[in-house]
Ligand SMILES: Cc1ncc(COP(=O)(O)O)c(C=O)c1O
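Here we start with a single chain on its own, the form predicted on its own, put down as structure tokens.
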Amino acid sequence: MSSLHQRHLAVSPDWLALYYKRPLEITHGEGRHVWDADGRRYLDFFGGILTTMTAHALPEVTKAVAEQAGRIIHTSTLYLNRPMIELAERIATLSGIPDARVFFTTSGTEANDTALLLATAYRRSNQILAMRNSYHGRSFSAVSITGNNAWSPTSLSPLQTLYVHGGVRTRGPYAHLGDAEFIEACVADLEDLLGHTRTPAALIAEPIQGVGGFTSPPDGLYAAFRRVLDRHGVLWISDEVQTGWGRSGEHFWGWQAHGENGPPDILTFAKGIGNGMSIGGVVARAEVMNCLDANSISTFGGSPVTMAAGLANLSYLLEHDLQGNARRVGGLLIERLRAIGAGAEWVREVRGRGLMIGIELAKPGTDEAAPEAAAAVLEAAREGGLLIGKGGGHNTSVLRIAPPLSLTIPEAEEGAGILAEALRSLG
């Protein structure tokens, strides 16, 4: 055990997880690569949990941060903040929400917490609908709406949460149905649920479940849900913390795969927009955002430095069409991984969109989750020079692949080759 690992254990909570039997200290990065304290280089297919969105040490972002830090680092929301206003203007337009208002936070957890506050205050209800297998953050309110018990340490809650079918396509009671029948069954379940409860404030849903293992429903499910929700006056919160900014390739926001009834009432974002800087936020139409009747500010939300980073990062993303790159390179990568998976007996499913890909492992010949196999592949990939993540609602048996959106075709091929070797190591 390294001395740094020992020091970590001496001062950190037991529940603060570390990857790998020999935890890794990452000292620097460039592009799609990072280096550890021993000087070894790795191809990064996880981006600090989908957060290094464009590239490590992107010059445009580091320059913007340095220049803003040289002027002023902090003011709070009590003063006019030009970078915050400029970024809010751009996000409001990109969100698709009419008459949008934007509130910045420091994380996705805080963004979802704020969305829950807005929805419950606006609807005067503490009931929330959430999806099974979901994850929305680690605050007291966020864990109480998380439908994945591996990430929800308490059942105590300020909210009453009711869980809906539909977030997982290939498991559960409707898995055997075709897409149209799957949607119909999930809508019937939602209708039945609403008939047995007081009207909830909102449904919160990740268009593609992140921690849950990059699983998603058929396109159109949330549009079908929306027709029911609108009839009952229930808001729709789209949690875009992991799916936003073009990562899925096909769409800029995950909700757009379900957007035939228009944008969500509330949209939350974080992670990739700051390329590693702490930015989260909420977008909502004005009447919802303005419903609070008490004072509220943010000390660190909208920091001039993080806003400068966000502006530079968003500009780079749009100017270099990284959404298109995610679609093209991600499409090639997922097909390569599906071909590898077809010959690997431990692979149950390869799924995803763009550069948001999950490889679900199961014990050969069964649907039984294989968390030990996922841990072994994680280790083998590291030994091969590749960093990936893991997750899933079924005992963490899904390998999570989410590189920076500037990934090149040769890097995708290299990573796929390492993963193929890692999967072969299972025997």
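Since the model is a prediction, treat every value here as computed from it, not as a measurement. In case it trips you up, residue 1 is the first one in the sequence shown, and so on.
Although it is not shown, the form predicted in complex with this ligand is what the next lines describe.
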{"query": "This ligand contact in the predicted complex: V288, any heavy atom under 4.5 Å", "finding": "no"}
{"query": "Non-hydrogen atom contact N112 with this ligand in the predicted complex at 4.5 angstroms", "finding": "yes"}
{"query": "Any non-hydrogen atom of S95 within 4.5 angstroms of this ligand in the predicted complex", "finding": "no"}
{"query": "4.5 angstroms heavy atom contact with this ligand in the predicted complex for A100", "finding": "no"}
{"query": "In the predicted complex, the residue from G341, G246, G301, G137 that sits within 4.5 Å of this ligand by heavy atoms", "finding": "G137"}
{"query": "The unique member of V211, A201, L314, V329 whose heavy atoms fall within 4.5 Å of this ligand in the predicted complex", "finding": "V211"}
{"query": "Which of 306 to 314, 173 to 181, 253 to 261, 103 to 111 sits within 4.5 Å of this ligand in the predicted complex, heavy atom basis", "finding": "103 to 111"}
